[in-house]
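Just one chain follows, in the form predicted on its own, and it is written as structure tokens.
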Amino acid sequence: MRRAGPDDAARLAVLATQVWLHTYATDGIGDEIANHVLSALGVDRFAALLGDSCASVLAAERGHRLVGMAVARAKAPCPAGVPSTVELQTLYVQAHFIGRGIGKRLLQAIEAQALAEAGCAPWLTVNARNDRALAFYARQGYTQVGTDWFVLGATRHENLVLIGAGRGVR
């Protein structure tokens, strides 16, 4: 695991696209999904993210191949009103590598960084129907503190707001 750099933008974009489609395009790819992937998960978006001083991007590799990633954003107040200013925006592990501890190690690294830099546990949103992710976060000590919505085209999708066990701010 390492901090991602500018040369990783293309691989991050492809991994994000693959995991996002595998998770959310379960009924096929319609216009809303295609438009979202092309606008939100492109190489240019990851290049910009890698240059953003408030963003932290971690890459998990097997050999020299990307198998997972985590993106955290500082100065991002939790929408549920809990005292956390670090959002875990993305935690993706390629399907072939789920269950090998990669997601847990990425999450632990983001948690340690959030505690060291902001004195808080990170918060995140997860699709309310993503049972695998919800179970993973529950095993890591995350609890629901609110609800939020992800809008994809004209459709609203319920997301749960979760926060890690170390909630307090120093």
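One rule holds for the numbers: they count along the sequence shown, beginning at 1. Please read these numbers as outputs of a predicted model, since none were measured by experiment.
Keep in mind that the form predicted in complex with a small molecule is not shown, yet the notes after this line are about it.
Colleague: The chain here is shown without the small molecule. Which stretch in 39-47, 25-33, 135-143, 58-66 comes within 4.5 angstroms of it in the predicted bound form, by heavy atom distance?
Modeller: Heavy-atom contact with the partner occurs in 135-143.
Colleague: Counting only heavy atoms and a 4.5 Å cut-off, does the small molecule in the predicted bound form sit next to every one of 78, 83 and 113?
Modeller: No, the whole trio is out of contact, none within 4.5 Å by any heavy atom.
Colleague: Mark residue 104 yes when one of its heavy atoms lies within 4.5 Å of a heavy atom of the small molecule in the predicted bound form, and no otherwise.
Modeller: Residue 104: yes, in contact with the small molecule in the predicted bound form.
Colleague: Though only this chain appears here, would residue 120 touch the small molecule in the predicted bound form if you measure heavy atom gaps against 4.5 Å?
Modeller: Residue-level check for residue 120: no, no contact with the small molecule.
Colleague: Might residue 19 be said to contact the small molecule in the predicted bound form, defining contact as any heavy atom within 4.5 Å?
Modeller: Although the small molecule is absent here, residue 19 would touch it in the predicted bound form, with heavy atoms inside 4.5 Å.
Colleague: Can you tell me whether residue 71 touches the small molecule? I mean in the predicted bound form, with a 4.5 angstroms heavy atom cut-off.
Modeller: No, residue 71 sits far enough from the small molecule in the predicted bound form that none of its heavy atoms falls within 4.5 Å.
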